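In the structure tokens that follow, a single protein chain appears in two forms: structure 1, then structure 2.
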Structure 1
């Protein structure tokens, strides 16, 4: 299969603190890769670097064969239309209704008419079981609903890649299942994704492979299928340490 995303010898420091010593891994087209690591391991740094919010000190990040670390800010705007970032807290505009939150990227980045925007927004709200919430403001939504609206807004431009930054954190079992279903629905459409999480049941439900980030390197990558069959190994040791 073709590589959609590839990190090569990615290094990043903040002052004297080296966060990533030498990160190398790839994600195949249509694959969901789970990214595990302890708090402060730099998982979000990897995601933010993929949309140009952070730049590596050295190394390369390839998206469909193009090294995006060489692009300027204007060129990165086009990349951000292809790569959606689902923030942990939803990152909604508090002053906008649910409808206008979803309509915003369409108004900014497309030439769709208002009637076409309205149809696309309502179609997606129906898909996310939010059809009756279009006129509510973020402050009127539960945490789970805010995350679902944030996810809907992230994918409304039809991205090829979705980056999930702990989308199930702090949610109840019902909303966790909802988020899992949405991730699987995107995966069924052929979308490539990286799923940063501490929620192992969700990682096992949604991911094809899982990568373990430790001490500034990807130290192990394994398929979920093999992890389910074998309860030993570096990744399972990490998981068991989290749940012990």
Structure 2
């Protein structure tokens, strides 16, 4: 079966608060799905559930046809090596330098030598426009820089699926462009991805389809082609600030 992501009747609540009533959608292999929704709509919860940081109350999440909600922690480790989650705020290890943050997945999961790791890390830092910052600590970086380091760390193992949680929020236009190029480059390599964002130019540049999350459901899914052609419909209303 082709690698793909599928949410089926996914439900999640925190205490009394039902965040997700009934989420069903799927992503094809190699596709980039944009996920839109207001703040607090539960976009991060969806992505975190996909790598097992949260468990749904009911429903299933299929990855390559396998229901990952049935896996235990040890089995999830294998999934997490292939599915990268780009944290909204970077989530860098603040006791380590930028270099060590990036080296962490390589040291844990590969048998590369230190000099190979060094090369890999520096190459990636270059791509992310962070070449001279390798010896700084996360606390010494700006929010946007932390985000880029976080993204670099997530994809350093060459994952098959990448979940981007607002990777362009808070960045300047130049770096937004760079992130877009990175996402497109990953896509060109055949990576499947979900791209959570409020940044419409980026979503239009990178995504194949866009899904709208509202009141605990996926209310609409539309291809980017179509969205570009006509400016009516639910997704455009959301984008233009007509609805929340």
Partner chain sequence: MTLTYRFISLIGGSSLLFKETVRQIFRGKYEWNATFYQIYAVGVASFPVVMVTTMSIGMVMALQFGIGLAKFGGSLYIPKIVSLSVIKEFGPVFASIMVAARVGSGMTSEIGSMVVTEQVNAIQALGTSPIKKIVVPRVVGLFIALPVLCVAANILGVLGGFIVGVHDLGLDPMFYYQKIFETLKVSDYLSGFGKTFFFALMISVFACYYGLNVKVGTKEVGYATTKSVVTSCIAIMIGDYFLTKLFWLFEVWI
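Residue numbers count along the first chain shown, from 1. If you superpose the two forms and keep the largest set of C-alpha atoms that fall within 1.5 Å, you have the rigid core. Not measured: the values here are computed from a predicted model.
Taken from the form predicted alone, structure 1 is distinct in origin from structure 2. After superposition on the rigid core, the Cα of residue 173 moves by less than 2 Å between structure 1 and structure 2. With a cut-off of 2 Å and the rigid core superposed, residue 120 has a Cα displacement that reaches or exceeds the cut-off between structure 1 and structure 2. Treated as two rigid parts, the chain shows its smaller part rotated by 13° relative to the larger one between structure 1 and structure 2, based on C-alpha superpositions. Here the two forms are laid over each other by their core, and the C-alpha of residue 147 is off by 2.9 Å between structure 1 and structure 2.
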